[in-house]
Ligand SMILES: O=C(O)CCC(=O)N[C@@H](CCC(=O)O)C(=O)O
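To begin, one chain is listed below as structure tokens, in the form predicted on its own.
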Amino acid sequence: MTANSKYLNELQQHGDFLTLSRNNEWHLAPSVFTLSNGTAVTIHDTGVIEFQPTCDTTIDVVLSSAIHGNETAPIEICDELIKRIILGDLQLAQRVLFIFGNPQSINIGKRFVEENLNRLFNGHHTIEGVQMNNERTRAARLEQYVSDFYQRGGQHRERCHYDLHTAIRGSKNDKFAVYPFLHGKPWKKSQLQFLLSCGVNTVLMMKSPATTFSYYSSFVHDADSFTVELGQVKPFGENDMSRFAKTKATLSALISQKEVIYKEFDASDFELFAVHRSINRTEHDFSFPFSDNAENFTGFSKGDLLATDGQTCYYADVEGEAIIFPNADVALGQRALLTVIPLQLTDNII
């Protein structure tokens, strides 16, 4: 029995694609097989598995996790969905591509190995004069797998990508989503309704291009795409998975039903924010005045110190300016902090 046939037999028996990926951190030879219900399964690479049901489909769904390897709850959610599909407990009605982004970072229990993978998309993996590494190569490959998946689905189909994360810090709004910059295109009520069904009622509207995986799918492939933050980082085995019941149920319905009916849209269900500014770390001497356990969406009074970057001090210039994703340890030149302010829905929504 070849190595490929051995791991395929084990995968079909147990559905454990996560362990297979973790055992092959940067590469896994492509393989194909068919489930007993006729669903075609394609392993494109380590952490990248595609399911094509036999029925007519209307939506091409990408579900990614482990872009940061220590964000375990989304990994466990996707692991469970993949097992249910392979073992026949979940019958698909839509095409779906699952991605475990960075298997080696899962194994070492850290956000990344050499470089933050979620700063390398939308072409930022290849920069003249910057040496390639495994994460840069991985970002390029993940872009290509998503591109191929959508192209094989064909034009004029609904495309979506939900990149599942957990945040380093706790949050006053436990679960929230980041809506990528849409370059003037309208926000969609249907996507906000989907997020609400997942238990996410807080949405941050970006106002500029980004290097994130979700922005790549939105910008390049016109997919309905979000970074979805599902609480705070915890090690494997310490997640209270009951907190993600709505998310799991909604994702299951999305890929297993021809059509999902969500709660009627009501703007009052949501708490929306707009990015006010981004603060980058440019000096080695960079710090925040607030504690490490200060939560996302903590608001500050106008004039309060927000960050010190060498000789430069940043102060809140709007009453209630709130912090998101503070991380003083990012590489020089990268974003250390976003600040946000409340947003009211405009006419730019359909």
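When you see a residue number, it is the position in the sequence shown, counting from 1. Quick caveat, the model's predicted, so the values are computed rather than measured.
A second form of this protein, the form predicted in complex with this ligand, is not displayed here; the remarks below concern that form.
Stretch-level contact analysis of 86-94, 221-229, 144-152, 242-250 against this ligand in the predicted complex, using heavy atoms and a 4.5 Å limit, identifies 221-229. Proximity to this ligand in the predicted complex, defined as a heavy atom within 4.5 Å, singles out one entry of F325, F286, F290, Y314, which is F325. Proximity to this ligand in the predicted complex, defined as a heavy atom within 4.5 Å, singles out one entry of K175, R119, K189, H276, which is R119. Taking the partner from the other structure, this ligand in the predicted complex has a heavy atom within 4.5 Å of a heavy atom of H68. This ligand is not drawn, but in the predicted complex it has no heavy atom within 4.5 Å of H125. A residue is said to contact a partner when one of its heavy atoms sits within 4.5 Å of a partner heavy atom; R159 fails this definition for this ligand in the predicted complex, lying far away.
In the predicted complex, M205 stays away from this ligand, with no heavy atom inside 4.5 Å. Contacts between stretch 156-181 and this ligand, counted in the predicted complex as any heavy atom lying within 4.5 Å, involve H165, T166, A167, I168, R169, V178, listed in sequence order.
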